[in-house]
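The chain that follows stands alone, in the form predicted on its own, written as structure tokens.
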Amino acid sequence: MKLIGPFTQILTLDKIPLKGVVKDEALEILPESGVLVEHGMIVKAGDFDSLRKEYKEAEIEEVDQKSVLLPGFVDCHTHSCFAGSRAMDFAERNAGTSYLEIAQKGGGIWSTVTATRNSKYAELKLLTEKRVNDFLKSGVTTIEIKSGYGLSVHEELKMLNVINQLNTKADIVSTCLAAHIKPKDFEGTNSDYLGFLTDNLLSEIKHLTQRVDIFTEKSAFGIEESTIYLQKAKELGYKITVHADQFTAGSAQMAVKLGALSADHLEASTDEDIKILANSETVAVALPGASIGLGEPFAPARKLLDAGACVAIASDYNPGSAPMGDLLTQASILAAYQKLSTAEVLAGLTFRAAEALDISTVGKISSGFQADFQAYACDDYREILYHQGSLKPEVVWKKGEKI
């Protein structure tokens, strides 16, 4: 058993609801407190001196500077496993060419597919480990990673094996996004390709992932064919999530009807879509990195929260539309534009994001939760978003062990 502290402030994020508006007054802030940890789990958080007296046998891991402790962040939507660069796409977009026009010319996702296919397993693994461990240093202790740059049975298996065999202390959640786009070397329709995936890939990857995703959009797959594919994935026992309403509306409603864990993007969601999401158990995942990378509007996070939705915030880290990969910076910018409270942002980066991954034991500093947390060198939690990502955690703990 180990007692870590004292921290100037601990934000437990306990007792905050899973859905809807959260005022900063709802934050539980423990002054001069510590965290008692055993076997990688939190036993108790509270006044440091009281815990030290009560648990005399506990090893003390002393913190000798002013610091604010938060739960580790959960990034519930990334494409961190890839090779190559899309700097050319970024330059073209800034010069006025649209995302969809670049994709139609053979750039976009397909250029990353080509680079990732050409990357050897060991190289792809090293590239992905570097990105994941950079995330971990910045306080992101649970990371979702999608496949989707392989787009063949062999290459998707390569990606999913890489994702599952990373040398990292972060918790990794893998997702099959073989339905990213129809590959150029596949002869047949979109529906033919999705049927091919159902028959030849989904039966082969149950040991590598429990999650299936699809990009439902004009440049990818339509709502009808996406629905058939996702229904079959559910029948095979997969949990589902959807790239929804990024450029055109309609797919978020599909996600809700199918009982998806999350609908991610939502930049094009209408008021009707927002209402339907809010009245469902599907998590609405805002991806501000894509809006920044593409110069597009942000997801309507404020409207979603006001309507009562569960809103998570993720980085969408990928080489094309969201190459920054700095989750805290993106969330801070989203907060400024959408007028989100600090409590709403922190909830969206922690336990609400964990809900999108169907994980119930990360994202809070509370008894029974995994001992994943991060300490910032300041004495007021409001400093963290105020610095818009330039204030990084001094120390990160994963399962109670200092990283």
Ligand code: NIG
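Model, not experiment: these values are computed from the prediction. The first residue of the sequence shown is number 1, and the count goes up from there.
What follows is about the form predicted in complex with N-(iminomethyl)-L-glutamic acid (NIG), which we do not show.
Of the candidate stretches 136-144, 165-173, 240-248, 198-206, only 240-248 contains residues with a heavy atom within 4.5 Å of N-(iminomethyl)-L-glutamic acid (NIG) in the model of the complex. Comment: N-(iminomethyl)-L-glutamic acid (NIG) is not present in this chain, but in the model of the complex one of K158, R211, R131, H79 has a heavy atom within 4.5 Å of it, namely H79.
Listed residues A312, I109, L305, A263 were compared with N-(iminomethyl)-L-glutamic acid (NIG) in the model of the complex; I109 is the one with a heavy atom within 4.5 Å. Contact check for D75: no non-hydrogen atom falls within 4.5 Å of N-(iminomethyl)-L-glutamic acid (NIG) in the model of the complex.
Under a 4.5 angstroms non-hydrogen atom cutoff, N-(iminomethyl)-L-glutamic acid (NIG) in the model of the complex lacks T329 among its neighbouring residues. Within this chain, P300 is remote from the site of N-(iminomethyl)-L-glutamic acid (NIG) in the model of the complex, having no heavy atom within 4.5 Å.
Although the partner is absent from this view, G320 contacts N-(iminomethyl)-L-glutamic acid (NIG) in the model of the complex, with a non-hydrogen atom inside 4.5 angstroms. Residues from 86-104 that approach N-(iminomethyl)-L-glutamic acid (NIG) in the model of the complex with a non-hydrogen atom closer than or equal to 4.5 Å are R86, Y99, in the order they occur in the chain.
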